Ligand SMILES: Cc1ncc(CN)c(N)n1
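There is one chain below, alone, in structure tokens, taken in the form predicted on its own.
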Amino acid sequence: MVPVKKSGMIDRWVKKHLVLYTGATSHPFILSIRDGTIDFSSFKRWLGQDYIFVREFVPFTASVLLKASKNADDSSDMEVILSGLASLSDEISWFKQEAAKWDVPLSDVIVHKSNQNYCRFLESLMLPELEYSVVVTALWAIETVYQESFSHCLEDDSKTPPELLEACKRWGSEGFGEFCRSLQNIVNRCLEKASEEELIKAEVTFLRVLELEIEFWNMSQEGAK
């Protein structure tokens, strides 16, 4: 068997799974924001469901930070992951403010099945036996899908509704993009040193994130029960 070349693994995975990756980062829900045709009820549905998801995302990110403290071979990993974790407090506050503005009663939101599946996936990644390389891959993928998606809505020729610009800037900004690139550097470095078994786990995890993101976007746009 020819050994897998491990440097720059993320770029190779994106090219290998480009159809799925594009489905997650250029979903019709996002494109409807970009071209100004979004039904605002879809945005409100996304808002309520993503608030619930972010609250589950906090302990997951904390678990990645804990693994970094024990397993990372570079101390800067902790600083990068900690900066992401710290920003989630502001993010939760933002969701509450937006929900009030859009009249979305967060306490009444019924968790959609696609959201339940995603949250259960996050829980499965918090198992202590999972390798750091695998969980940091998931963290990078989750954050990057949002960064690449919402950055489309800030392009020069976009027709993003003014009411949604703040949301798009939150994840589509260059600052958030820099954070995602820092995570990607961590992932690539970890995967260079990973075993073949870890590489397989990390790639499967990457693909599962893309699938779950697409399901989440679908739910937001279609409102299927």
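Residue indices: 1-based, along the sequence shown. Keep in mind that what you see is a predicted model, and the values were worked out from it rather than measured.
The form predicted together with the named molecule exists for this protein as well; it is not shown, and the discussion that follows is about that form.
K.L.:
Tell me which of 75-83, 105-113, 138-146, 124-132 has residues with heavy atoms within 4.5 angstroms of the named molecule in the model of the complex?
P.N.:
Heavy-atom contact with the partner occurs in 138-146.
K.L.:
Considering Leu65, Leu165, Val54, Leu31, which brings a non-hydrogen atom within 4.5 Å of the named molecule in the model of the complex?
P.N.:
Looking at Leu65, Leu165, Val54, Leu31 one by one, just Val54 meets the 4.5 Å heavy-atom criterion.
K.L.:
So in the model of the complex, does Asp35 come within 4.5 Å of the named molecule, heavy atom to heavy atom?
P.N.:
Answer no; every heavy atom of Asp35 is more than 4.5 Å from the named molecule in the model of the complex.
K.L.:
With the partner left out here, check for me: in the model of the complex, does some heavy atom of Trp13 sit within 4.5 Å of the named molecule?
P.N.:
Residue-level check for Trp13: no, no contact with the named molecule.
K.L.:
Taking heavy atoms only, is Phe216 within 4.5 angstroms of the named molecule in the model of the complex?
P.N.:
The answer is yes: Phe216 has a heavy atom within 4.5 Å of the named molecule.
K.L.:
Is Asp50 part of the interface with the named molecule in the model of the complex - any heavy atom within 4.5 Å?
P.N.:
Flag for Asp50 set to yes.
K.L.:
The named molecule is absent from this chain, but in the model of the complex, do Tyr21, Glu178 and Phe206 each have a non-hydrogen atom within 4.5 Å of it?
P.N.:
No: none of Tyr21, Glu178 and Phe206 comes within 4.5 Å of the named molecule in the model of the complex.
K.L.:
Sequence order please: the residues of 75-110 with a heavy atom within 4.5 Å of the named molecule in the model of the complex.
P.N.:
Heavy-atom contacts within 4.5 Å come from Glu91 alone.
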